[in-house]
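What follows is one chain in structure tokens, specifically the form predicted on its own.
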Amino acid sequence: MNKFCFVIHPLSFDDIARYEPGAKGKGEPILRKIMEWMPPYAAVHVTGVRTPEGRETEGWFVAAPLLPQQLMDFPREEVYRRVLGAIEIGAQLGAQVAGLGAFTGVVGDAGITINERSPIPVTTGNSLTIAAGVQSLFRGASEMGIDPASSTAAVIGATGSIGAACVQLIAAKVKRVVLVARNETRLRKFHETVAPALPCASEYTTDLSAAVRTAQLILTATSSTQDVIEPEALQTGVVVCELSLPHDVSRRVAEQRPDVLVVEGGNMLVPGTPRFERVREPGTEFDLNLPPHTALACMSETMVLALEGRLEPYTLGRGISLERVVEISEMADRCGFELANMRAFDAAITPETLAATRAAATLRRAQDDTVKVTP
């Protein structure tokens, strides 16, 4: 049986308590100092991952306890040291392939240097994240009655490793795609490179609000630590698929825009009877902040590679091959992984929720039409 490890870290100050329950109630200055010196440690033992025909894997989630902003602000060599320390713990436990979670796969050169220095092959998990995200976006379009072929899609974070591949996959199904990123020079060069091969009309802009206002389908894949999508700019009945952790979509969208469908695009159902047991408190489940049997797609990619015996640095760097995206999706299907049920803002999207969202969109369109025709 091949084994894996996956590097995790808290996504916010509030999230630290999920890792260390004793941190609850402590002030931010104390927590920040603790995070600065706290070494990596094995946090979760994963068992019960089993394909339909009986192949199994087990692994460990190893914590590199830094917050997203610390991972972005600390000297790069210090971040590499922390992440490599986590991988080394996994390797000592028997892992043969490692995955990089959340911001550990973003810092520096997106895993290339970490893989070169690692005792075992490393993947960012971004290939399966891309596949799951694009599938989730178009599933949402179907639920909201949006015809992609006549729609405009906006990809926020288009020059990133995930966003760049999503642009090309989404463009094959929509009328127009708008590429959005902060660095105008990099964005312009990327658009010049990909535009001639895109099968739909395309443009680019650094004006996120302007792009969002034109789109019926939006996919976000940024490395921002702040809210990116706010409710004011969104069209009626739009679908927003977010692949970022921390999340890009403001919670104000849930409160103020009941007509908008927001979906977390990177979640997968894990085959078998997966269990995520806390290493320090045996018998206690680690809260992944996800429904039962569910894992992030980047975690799932690492599990798939172990199950398939592909102990290799599968996804690294900024330029992700579409062929790899298709291949890992096929491997995941073969292993029994499925797109998870829809979810947003830490809650399931039920059939009743979908019906209410569609009804709110219909009502808002009617109100918008009334305003337009009123003298």
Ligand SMILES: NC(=O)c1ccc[n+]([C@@H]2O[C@H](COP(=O)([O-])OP(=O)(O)OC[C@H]3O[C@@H](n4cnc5c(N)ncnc54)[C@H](OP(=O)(O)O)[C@@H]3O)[C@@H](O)[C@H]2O)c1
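Sequential numbering from 1, following the sequence displayed. Values in this document were obtained by computation on a predicted structure and should not be read as measured data.
Unshown form predicted together with the ligand; subsequent notes refer to it.
Per the 4.5 Å heavy atom criterion, the ligand in the model of the complex is contacted by stretch 160-168, the sole one of 160-168, 272-280, 195-203, 88-96. Exactly one listed residue, out of 113, 224, 236, 151, brings a non-hydrogen atom to within 4.5 Å of the ligand in the model of the complex: 224. Between the options 263, 134, 84, 181, the residue in contact with the ligand in the model of the complex by a heavy atom within 4.5 angstroms is 181. Although the partner is absent here, residue 126 is a contact residue: one of its heavy atoms lies within 4.5 angstroms of the ligand in the model of the complex. Contact annotation for residue 103: at least one heavy atom lies within 4.5 Å of the ligand in the model of the complex. Though the partner is left out of this view, residue 318 does reach within 4.5 Å of the ligand in the model of the complex, counting heavy atoms only. Residue 213 falls outside the set of residues with a heavy atom inside 4.5 Å of the ligand in the model of the complex. Remark: none of the three candidate residues (46, 62 and 118) comes within 4.5 Å of the ligand in the model of the complex, counting heavy atoms only. Contacts between 290-318 and the ligand, taken as any heavy atom within 4.5 Å in the model of the complex, involve 296, 297, 298, 318.
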